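As structure tokens, one chain now follows by itself in the form predicted alone.
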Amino acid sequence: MLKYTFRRILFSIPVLFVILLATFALGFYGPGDPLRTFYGEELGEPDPAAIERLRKLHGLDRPFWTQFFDYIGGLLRGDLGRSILDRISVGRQVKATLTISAQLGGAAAVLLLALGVPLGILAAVKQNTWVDYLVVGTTIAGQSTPVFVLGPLLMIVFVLWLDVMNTPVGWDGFWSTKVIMPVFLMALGPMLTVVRQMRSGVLETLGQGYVRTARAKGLAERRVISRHIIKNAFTPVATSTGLIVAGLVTGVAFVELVFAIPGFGFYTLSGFQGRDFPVIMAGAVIGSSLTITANLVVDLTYAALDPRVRLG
């Protein structure tokens, strides 16, 4: 197992390097100039000589490989650089914004499992009935509807109809009522995946011999499900939970944008809009690292559950 773990970690290093190289190349050779964008908007058409002086000041006039390996060297020292637009440490901003997104992502993951697992079990037990169709259909509709449509609808329900909150946007801490709608929207996206995995797992387990034996012994259906079915059916969901949580933390840009939450997704999106290379690279570093780590956890979980995987 240790050899397999080391091999998977070693394989992740070149993957992360290629992702960073591709992202850096797109920022370097792609259209747009952060200096011209920022100073052009603030001061009108900028002086070309002033732009060149600023480019030299920020080190943007150096060759591609020099800038790239300089960035990698800083990254190995834990330095994500400084924002080109506001000269604030990117690492400090990432720490502050990622904390917010992690809280939202963690709460959404708990809500996702608390709702998705029971709904998947219910859909399997009531297979091909109106309950099954309602559960699957509702989750499909929730995943298919864009955030910028569901967001205003939830605002109408929680603010105008239920009167739970007065101002549904902004960030007043994790225990504020403003967290309700963003967390619900974040959990609704991957809900279909959990429901379908749990439903498929339960349906597959229902046909196993030990389940028929338990029923033949006279065990109540509730005990058969809780003791013999859920544990085995939950394995696919458990192994994919890491990927889901990583996606919740890094993929909340639109939710944070709709609700004006100063999280990591909103910060990265602002960096893309301003062509702020250090912020864009920080988004690539954090996002790819979380995804690679989640994949590693999933692979190790499969290897622990099925020793044959380690032989591949």
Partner chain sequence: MSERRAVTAIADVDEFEAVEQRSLWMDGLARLARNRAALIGACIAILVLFTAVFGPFLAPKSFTATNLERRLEPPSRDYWMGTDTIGRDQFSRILHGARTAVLVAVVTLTISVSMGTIFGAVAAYYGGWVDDLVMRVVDTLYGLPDLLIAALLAVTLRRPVAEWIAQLQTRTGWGFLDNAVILDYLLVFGALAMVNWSGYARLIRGQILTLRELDFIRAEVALGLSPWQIIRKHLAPNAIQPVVVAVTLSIGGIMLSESSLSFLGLGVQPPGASWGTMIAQNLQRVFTEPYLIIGPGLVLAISVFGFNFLGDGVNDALNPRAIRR
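Residue numbers count along the first chain shown, from 1. Treat the numbers as computed from the prediction; the structure is a model and nothing was measured. Only the largest set of C-alpha atoms that superpose within 1.5 Å between the two forms is called the rigid core.
The protein also exists as the form predicted in complex with its partner chain; that form is not presented, and the subsequent description refers to it.
Using a 4.5 Å cut-off to its partner chain in the predicted complex, not one of 7, 105 and 113 places a heavy atom inside that distance. By the criterion of a heavy atom within 4.5 Å, residue 17 is excluded from the residues contacting its partner chain in the predicted complex. The closest heavy atom approach of residue 159 to its partner chain in the predicted complex falls within 4.5 Å. In the predicted complex, residue 30 approaches its partner chain with a heavy atom inside 4.5 Å. Residue 280 belongs to the set of residues with a heavy atom inside 4.5 Å of its partner chain in the predicted complex. Checked against its partner chain in the predicted complex, the candidates 86, 204, 79, 172 yield a single residue with a heavy atom inside 4.5 Å, and that residue is 204. In the predicted complex, 127, 128, 137 are the residues of 107 to 138 with at least one heavy atom within 4.5 Å of its partner chain, listed from first to last. Annotation: Cα of residue 241 displaced by at least 2 Å between the shown form and the other one, core superposition. In this overlay on the rigid core, residue 165 has a C-alpha that sits 2 Å or more away from its partner position between the shown form and the other one. Relative to this conformation, an increase of 3 Å or more in the Cα-Cα distance between residue 164 and residue 114 is found in the predicted complex. Shown here is a form in which the CA atoms of residue 162 and residue 179 lie at least 3 Å closer together than they do in the predicted complex.
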